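Here you get one chain, nothing else, as structure tokens; it is the form predicted alone.
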């Protein structure tokens, strides 16, 4: 069945593959994305990091597209391709001249079903992934973020970084990887999103010809994790090399599909400047008018401050990260941050500040939705944690946020009993 609305067409093949299409004839370009509903959220004990590693293996070739020809084939057309693994999903994309898009379509259909997972490539990539993990572990902010995220959850897989655990990366086998691939890389667990210079009927026909013969799989049931409310503020301290002290504070927050998420996005804009929900780029806005910038940076307590909220299936985290100035202590910076949180929760935000913050959040969201690649991105991304209507109505939902909503959400989520406070303490030695 094919459904069309506001230039967007969606259809589902008998094998469960979902297709989203948007014709955009402003340039002879097509951006093609394949999304799989699998990320670190779907991993079990002993297999942390397997989704990200499978993503790496998808670039190691099929019988039809051997590894050594993939990059050359895309590059020769003037195209660009990449992939990304996150908490809830894994995505692959190619943005190419419209008359060369068949290469991308054929490549993705082939590696959905026929990736080789050569044992030698598996071992080579084990070293690559472990090196990536070790690189993160040597970076102060990454180390702090990993510790804080783990402390913020007791049982939900969101407590683990996408890169995984070192002991698991050392132990995962070729068969583990291949089984994960065969389980989740099936048409009924995938969504194809295409935007650009094509005719919808023709694109549907092309995709049907490539994917109709693939068989659906049996997707494992995702367990419901009984993640209890935090019983009080938690503290994490990480010690390591360097000369810079960092403070990171995270609060448990609602899932993206909840109404409170939109008010939280405005609160983020008020406190630290708006967050771009588009992980693949889309401009930036100065946060110099935000409350925490004025309270921490302009008073020379901090060098920088930024916030971050992400759209996820399950409740995740609102993160505030502060780079301290030399000779300033985490305690005094946290005290000033708490003053701002108390001010936010004790009184209504002035209407002018609400409207300015909404305007900034809307502008950043719009910047991340303009290009053909970004429009293809949103066709699939919104479906990974909610639905495409969430994207279509996002700006409208921001405009509906009131002073009362901001006060309610701030009091519900930004209390100190609902957070983890992490500090990175440098030893003064540079590696």
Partner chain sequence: MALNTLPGADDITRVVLPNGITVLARENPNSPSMVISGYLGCGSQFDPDDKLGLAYFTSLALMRGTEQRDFQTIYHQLESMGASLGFGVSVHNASFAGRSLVEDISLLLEILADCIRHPVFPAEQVERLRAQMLTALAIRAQDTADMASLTFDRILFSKHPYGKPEDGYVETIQNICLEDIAAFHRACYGPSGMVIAGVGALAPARLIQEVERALGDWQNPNQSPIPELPRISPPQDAVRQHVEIPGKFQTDLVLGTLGPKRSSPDYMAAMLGNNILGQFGMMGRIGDVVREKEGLAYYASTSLNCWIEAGSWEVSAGVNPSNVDRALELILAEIRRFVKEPVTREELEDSQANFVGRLPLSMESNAGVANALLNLERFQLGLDYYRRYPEMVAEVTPEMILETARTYLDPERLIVVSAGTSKE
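Every value quoted in this text rests on a predicted model; they were computed, and no experiment measured them. Numbering follows the first chain given and starts at 1.
Here the subject shifts to the form predicted together with its partner chain, a form of this protein not shown in this document.
- Residues within 4.5 angstroms of its partner chain in the model of the complex, judged by any non-hydrogen atom, belong to 288-296 and to none of the other stretches in 179-187, 288-296, 149-157, 308-316.
- Think of it this way: in the model of the complex, its partner chain has a heavy atom of just one of 346, 71, 338, 351 within 4.5 Å, and the residue is 71.
- Taking a 4.5 Å heavy atom cutoff to its partner chain in the model of the complex, the contact residue among 389, 399, 404, 370 is 370.
- Although its partner chain is omitted here, in the model of the complex none of 13, 393 and 422 has a heavy atom within 4.5 Å of it.
- Although the partner is absent here, residue 224 is not a contact residue: none of its heavy atoms lies within 4.5 angstroms of its partner chain in the model of the complex.
- Proximity of residue 97 to its partner chain in the model of the complex: non-hydrogen atoms within 4.5 Å are present.
- Contact check for residue 41: no non-hydrogen atom falls within 4.5 Å of its partner chain in the model of the complex.
- The closest heavy atom approach of residue 47 to its partner chain in the model of the complex falls outside 4.5 Å.
- Applying a 4.5 Å heavy atom cutoff to its partner chain in the model of the complex picks out 137, 138, 139, 140, 143 from 136-170, in order along the sequence.
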